[in-house]
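Quick setup: one chain, the form predicted on its own, written in structure tokens, and binding and motion questions come after.
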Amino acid sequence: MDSNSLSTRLSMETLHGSLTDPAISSMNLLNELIDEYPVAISMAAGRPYEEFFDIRLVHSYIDAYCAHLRHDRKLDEASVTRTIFQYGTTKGVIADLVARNLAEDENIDAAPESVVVTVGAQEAMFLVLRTLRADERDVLLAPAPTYVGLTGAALLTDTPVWPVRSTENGIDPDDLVLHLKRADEQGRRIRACYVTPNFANPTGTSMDLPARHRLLEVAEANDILLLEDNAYGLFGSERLPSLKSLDRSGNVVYIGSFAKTGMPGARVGYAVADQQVPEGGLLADQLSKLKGMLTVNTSPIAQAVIAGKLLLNDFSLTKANAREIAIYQRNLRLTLAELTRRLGGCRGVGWNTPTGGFFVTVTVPFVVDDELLAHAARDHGVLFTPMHHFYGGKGGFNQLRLSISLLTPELIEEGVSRLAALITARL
């Protein structure tokens, strides 16, 4: 076989269509710019604060989990070793501990058998969408803008995403109802609506309590699932109840992650899918079937690290993250204050004021694209995320996202100063 024949067979036209979608490559762009301009201050990456990372904690967490296996689970030494070293159950070896954490921090009553421990929340999203997407009629709803990981999972599962209007109070239930009517008229089937009620990525917005109840009412009345992503719920000035804790009709599939609250390097997430599937047990059972063919199981060593952190903090990640919560709140206040100080008098420039999470959205009266991002990195030494990446390239061209989580006060002050220099130069 000659190379020309092989290159024809491997042309981009013959590969999966998701590979040429801008959403798939958007995060690679940021990584490339970070590598190319290492002295640029990155206000782009939504990564946890690093000051409290300590390699000794990994050992402490694994030791705590092994002690739990010996004393609480009554396992002998060979069984403890096997639990850590061998393949584990597909749903996860710590599902019961995850359920206890949900009860402690979120007031969610989840049976351990309804929990599927995944390789990050990203796998949980993929499993849910792959399970729900039965044929070409099926559609997913999501707020505009939305998290690129959700967009990517939808692309990989060939699930069309219809954008729902999003406001300062989160996803708009009335616009959601209009999409349900549109789907019915077109013979399409809305399988679920993705929503992040707390400090959404990328906008930083949250839903107030009445909006949460209204969304649950719409879901119940129209018999659709809500896919609740709650990666940032702990990091606010106040805690509102999750949709899952308020749900009385079984319409919420809860997608969780320990990347921000546990340890990002462990790559442990989960789905709580307690819905009954006629002749199929729990929805969690169906997710685990797919997981068995995708990743087989989530690393027991990674699960042990997360389990140990839960055990050593009485199952409360709110307690475990007390220092981090204080820092994220400090960083958020400082970022908003610096934006006001540096850009408060600039005509056409504005930003939202989240009360928690990692992100702030800045609006400017000019186009924010990848070319401007490269210019900002090269000539001003600052990185951000153009919001058009979260609109699938169909909006957000005058907005940018700032992440406040990874920076010190000094870097925030300097980063906003550099950003203000860029903006005022463009104005």
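Note that residue numbering begins at 1 and tracks the sequence as displayed. If you superpose the two forms and keep the largest set of C-alpha atoms that fall within 1.5 Å, you have the rigid core. From a predicted model like this one, the values you see are computed outputs, not experimental measurements.
What comes next is about the form predicted in complex with another copy of the chain, which is not displayed.
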task: Would you confirm whether the three residues E168, S237 and A322 all fall within 4.5 Å of another copy of the chain in the predicted bound form, going by non-hydrogen atoms?
output: no
query: Does another copy of the chain come within 4.5 Å of any heavy atom of E217 in the predicted bound form?
result: no
Contact flag, L10 vs another copy of the chain in the predicted bound form, heavy atom cut 4.5 Å: yes
- prompt: Do R191 and another copy of the chain come within 4.5 Å of each other in the predicted bound form, heavy atoms counted?
  reply: yes
query: According to a 4.5 angstroms non-hydrogen atom cut-off, is S206 in contact with another copy of the chain in the predicted bound form?
result: no
task: State the residue from V161, A99, L156, L339 whose non-hydrogen atoms include one within 4.5 Å of another copy of the chain in the predicted bound form.
output: L156
query: With another copy of the chain left out of view, which of A302, L343, L75, L311 would have a heavy atom within 4.5 Å of it in the predicted bound form?
result: A302
- prompt: Using a 4.5 Å heavy atom cut-off, which stretch among 109-117, 313-321, 345-353, 270-278 contacts another copy of the chain in the predicted bound form?
  reply: 270-278
message: Only counting heavy atoms and a 4.5 Å limit, does any residue of 292-310 reach another copy of the chain in the predicted bound form, and if so which ones?
response: G292, M293, L294, T295, V296, N297, T298, S299, P300, I301, A302, V305
message: On a rigid core superposition, would D35 pass a 2 Å threshold for CA movement between the shown form and the other one?
response: yes
